[in-house]
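Below you will find one chain, with nothing else, as structure tokens; this is the form predicted alone, and questions on how it binds or moves follow later.
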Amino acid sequence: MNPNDYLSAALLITGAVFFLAGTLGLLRFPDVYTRLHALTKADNVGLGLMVVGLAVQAESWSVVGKLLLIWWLVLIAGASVAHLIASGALQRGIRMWKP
């Protein structure tokens, strides 16, 4: 195995850990706003780490470009959907959690 395989595996595993953390935040946090924050931030970082892990193994720069384009599109879509959900929650009068 070459060193790139170890780097790629470490990045993919770390990305999966971020996905798991986002899922746990979705399940455990008290309100819609903190759940959205945990899910979007952790998933965006997790996907970024996975894209970098796959880019290390890519055969050409065009594949790396496609991976980065996918990541960028997911970032834009995730931010847009999170904004729509939070706006809808505010319009319905759902208050933020206060300890």
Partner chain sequence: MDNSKTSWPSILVRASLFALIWSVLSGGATASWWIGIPAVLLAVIVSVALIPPTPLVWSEILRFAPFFLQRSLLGGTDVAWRAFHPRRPIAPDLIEYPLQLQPGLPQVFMVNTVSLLPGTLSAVLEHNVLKVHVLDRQKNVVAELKALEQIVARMFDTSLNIS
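All values derive from a computational prediction rather than experimental measurement. Numbering follows the first chain given and starts at 1.
The same protein also exists as the form predicted in complex with the partner chain; that form is not shown, yet it is the one meant from here on.
Interface residue remark: L90 is counted as part of the site for the partner chain in the model of the complex, having a heavy atom within 4.5 Å. Taking the partner from elsewhere, A86 is found to have a heavy atom lying within 4.5 Å of the partner chain in the model of the complex.
Contact annotation: Q57 falls outside 4.5 Å of the partner chain in the model of the complex, judged by heavy atom distances.
Within this chain, W97 lines the site of the partner chain in the model of the complex, having a heavy atom no more than 4.5 Å away. Residues of 31-58 placing a heavy atom within 4.5 Å of the partner chain in the model of the complex, in sequence order: Y33, T34, L36, H37, A38, T40, K41, A42, N44, V45.
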